[in-house]
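Take a look at this one chain, the form predicted alone, written out in structure tokens.
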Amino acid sequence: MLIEMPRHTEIFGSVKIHEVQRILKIDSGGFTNPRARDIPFDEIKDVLGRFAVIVPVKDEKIHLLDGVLRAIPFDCSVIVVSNSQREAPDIYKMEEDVVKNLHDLTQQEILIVHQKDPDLGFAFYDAGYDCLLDRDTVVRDGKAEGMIIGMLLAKSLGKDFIGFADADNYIPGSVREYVLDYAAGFCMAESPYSMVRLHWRYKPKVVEDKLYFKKWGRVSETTNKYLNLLISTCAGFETRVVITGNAGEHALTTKLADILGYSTGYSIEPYHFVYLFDQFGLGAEIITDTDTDAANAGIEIFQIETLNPHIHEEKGEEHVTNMLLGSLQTIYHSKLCNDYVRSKVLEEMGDIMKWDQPKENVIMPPIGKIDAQKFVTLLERTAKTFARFERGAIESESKVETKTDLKEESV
């Protein structure tokens, strides 16, 4: 793959944010160019073998999910975390059938679980990580909660890299590129604590019966603006380096996933930046030994502009408003946010703010101390919706029956 070299890197404490890099050629020929990095495919393939791609899904069209799963490179492990409807029609059952059929055809390693499985909630409770549970000891609704489930499953597989792909993408080929872009970013990384965030080249909309290839969305523009203002006011120099504040398509090393905090709902992506700024930015106080290791190694954030456009399901105006609120609230409550930035954020929120003051998002602590193997062993024994389709092995119905028998014995 041939990828443009970053023209500038913003250094903010221990955090290095690389300016956007364009994909110049998905398949390249080893051409030496001082303005571009040529990454051999065998290096990318090595990363893919140590990679898990998490697909959070909630009541999406089955054909879209099927296309997304088929597009993920075979070398990767795939983890589907569903929060879809269980009552008739049982959409989760349809998703599980898609996963099983794909595995039978390809023998790719795929794991699937339902977010509301009571035994999944019990596994979190047993692990001492009950911050994402409701009063009934069941995992809350929420995208961030589903992502944490997926990351723990990825850790149980011993993966070094974890990425995310939306389940509502209409173009399967773009999903394949996203995963290759992630791998390319990690091939360039010098720190074991690194993240790759994708900037879609275009996000097409239908305008007067024609496709209009729009470059920016309203939420993204606003979130990027205030994340950059946060850095600028702290450093004393204006910057516009952040362009991926709401990047749902992103990937990170497992080492970085272990030390990050996570914000609930759709604020999880901008909170990555805010958490890293607060913990590792200018003037941050490093407390734990793990954070000291990360600070010394440096935390790298790559921003890569994709070659393919992104066409996905439109969620409606309410969804957009909630995303914007979540992002701005996260910035407002940053430890680094001063009165000037807060005043600007309040002006931006204007009439869409639903409370007297910006609400604080619920923050979930890092997952590094959770024993992922113990967590998954408990799921395998008890959780009815958890299924592991291993590479080169055909799943049998007896696995589900054994799981049920074990649960009854434990009762």
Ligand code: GDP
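Note that the structure is a prediction, hence the values are computed from the model and not measured. Quick note: we count residues from 1 along the sequence shown, nothing fancier.
What follows is about the form predicted in complex with guanosine-5'-diphosphate (GDP), which we do not show.
- Under a 4.5 angstroms non-hydrogen atom cutoff, guanosine-5'-diphosphate (GDP) in the model of the complex has residue 166 among its neighbouring residues.
- The shortest heavy atom separation between residue 57 and guanosine-5'-diphosphate (GDP) in the model of the complex is within 4.5 Å.
- The closest non-hydrogen atom of residue 250 lies beyond 4.5 Å of guanosine-5'-diphosphate (GDP) in the model of the complex.
- Residue contact with guanosine-5'-diphosphate (GDP) in the model of the complex: residue 293 places no heavy atom within 4.5 Å of it.
- For the three residues 15, 193 and 255, a heavy atom within 4.5 Å of guanosine-5'-diphosphate (GDP) turns up in the model of the complex in no case.
- Here the chain stands by itself, but in the model of the complex one stretch of 141 to 149, 297 to 305, 184 to 192, 331 to 339, 141 to 149, has heavy atoms within 4.5 Å of guanosine-5'-diphosphate (GDP).
- For the options 241, 323, 276, 180, the residue carrying a heavy atom within 4.5 angstroms of guanosine-5'-diphosphate (GDP) in the model of the complex is 323.
- Taking 83, 156, 220, 108 one by one, only a single residue has any non-hydrogen atom within 4.5 Å of guanosine-5'-diphosphate (GDP) in the model of the complex, and it is 83.
- Residues from 246 to 266 that approach guanosine-5'-diphosphate (GDP) in the model of the complex with a non-hydrogen atom within 4.5 Å are limited to 266.
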